[in-house]
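Take a look at this one chain, the form predicted on its own, written out in C-alpha cells.
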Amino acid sequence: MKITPTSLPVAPESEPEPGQSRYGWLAAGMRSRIVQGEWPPGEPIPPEALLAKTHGVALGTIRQALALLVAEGLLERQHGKGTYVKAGLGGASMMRFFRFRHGSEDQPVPQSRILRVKRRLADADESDALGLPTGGSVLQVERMRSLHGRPCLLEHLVLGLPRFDALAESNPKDWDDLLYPMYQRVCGVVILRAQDELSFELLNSADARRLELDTAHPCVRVQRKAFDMSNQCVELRTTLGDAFAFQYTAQVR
C-alpha cells in the first residue's frame, strides 16, 4: 500500500472528553478527516500499525475505532488489501425497481435528458430535509430517462445551494447519465447512501404526457433521500415509472 505524505496520520492535539472512550475519540478524528476529504473516497487509509504508533495507542484501540467507522459505512475492509474509505455510490439506479426489456436481452443502461433546471427558494419541508437556512435556495431539476428512444422514468430532483452551485452554472447538455459520479467530480459532493420509499398512484395528465402513457395510468413513485459523507441529506428525488413494468426482488433469510 502506497502512503503519500498528505495521507500520513497526524497525532491529534486534544484528548478525549470526560466519559468518552479513547477509540471513540480516535474514530471522531478519523471521521473528520474522511468528511473533509483528507482521506479521499475509494483510497486506502494508512496501515493500522502506523495509525497506532502515530496516536500512541494500542493496536486493539485503533482496530476498535476502525470497526466503528466500518459499522457507520465510512470505511470498508478489502480482504488481503487493507481498509479503504468507502467509495461514493455510482448510479444507485432506479432501474432495479423496473424491468424494461426487449425479448431476453439484459436490462440496458438508460439515457438521460434534462428537461428543466431552475433556481428557486426552498419550501419549509425541503429546507428541513436538506438542512438549509430559512430563505435558502435550491436547484430544481427535471430529467427523463429513456430506453430504445422511449421515455421510461421521469425524475424530479431538488439539490441544496450553494453546494451545487457549480452544477447550476454548467450546461445541462453536458451532464452525465449517472448523476452521483458527476456530483463528486463537479461539486465535490460524495453520495454515501440513499434511502428509497415506494408507493403507487395514478399519473396526472402532464406527467403521463411526458412518459407517453395515458392520464391516470398506474405508476410507481420512488421517493429518495441521498446522503453525503457527513450523513447530511443533499438530494431529494422523486422518480415516476410505469407500474406495469415494476418488478422488485427481495431475499428474506
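It should be emphasised that the depicted structure is a prediction, and the values quoted were computed from it without experimental measurement. Residue numbers run from 1 along the displayed sequence. Under this definition, the rigid core comprises the largest set of C-alpha atoms superposing within 1.5 Å between the forms.
FYI, the form predicted together with the DNA isn't displayed, but the following is about it.
Taken together, the three residues Ala27, Arg33 and Pro41 lack any non-hydrogen atom within 4.5 angstroms of the DNA in the predicted complex. This chain is displayed without the DNA, yet in the predicted complex the stretch 45-53 from 45-53, 206-214, 184-192, 223-231 comes within 4.5 Å of it by heavy atoms. A residue is said to contact a partner when one of its heavy atoms sits within 4.5 Å of a partner heavy atom; Asn171 fails this definition for the DNA in the predicted complex, lying far away. Residue contact check for Leu202: none of its heavy atoms lie within 4.5 Å of the DNA in the predicted complex. In the predicted complex, no heavy atom of Gly135 sits within 4.5 Å of the DNA. Arg237 falls outside the set of residues with a heavy atom inside 4.5 Å of the DNA in the predicted complex. In the predicted complex, the DNA lies within 4.5 angstroms of at least one heavy atom of each of the following residues of 57-72: Val57, Ala58, Gly60, Thr61, Arg63, Gln64, in sequence order. Put the two forms on the same core and the Cα of Lys173 is off by less than 2 Å between this form and the one not shown. Residue displacement note: Gly82 has its CA displaced by at least 2 Å between this form and the one not shown (rigid core superposed). Core-aligned CA deviation for Glu201 between this form and the one not shown: less than 2 Å.
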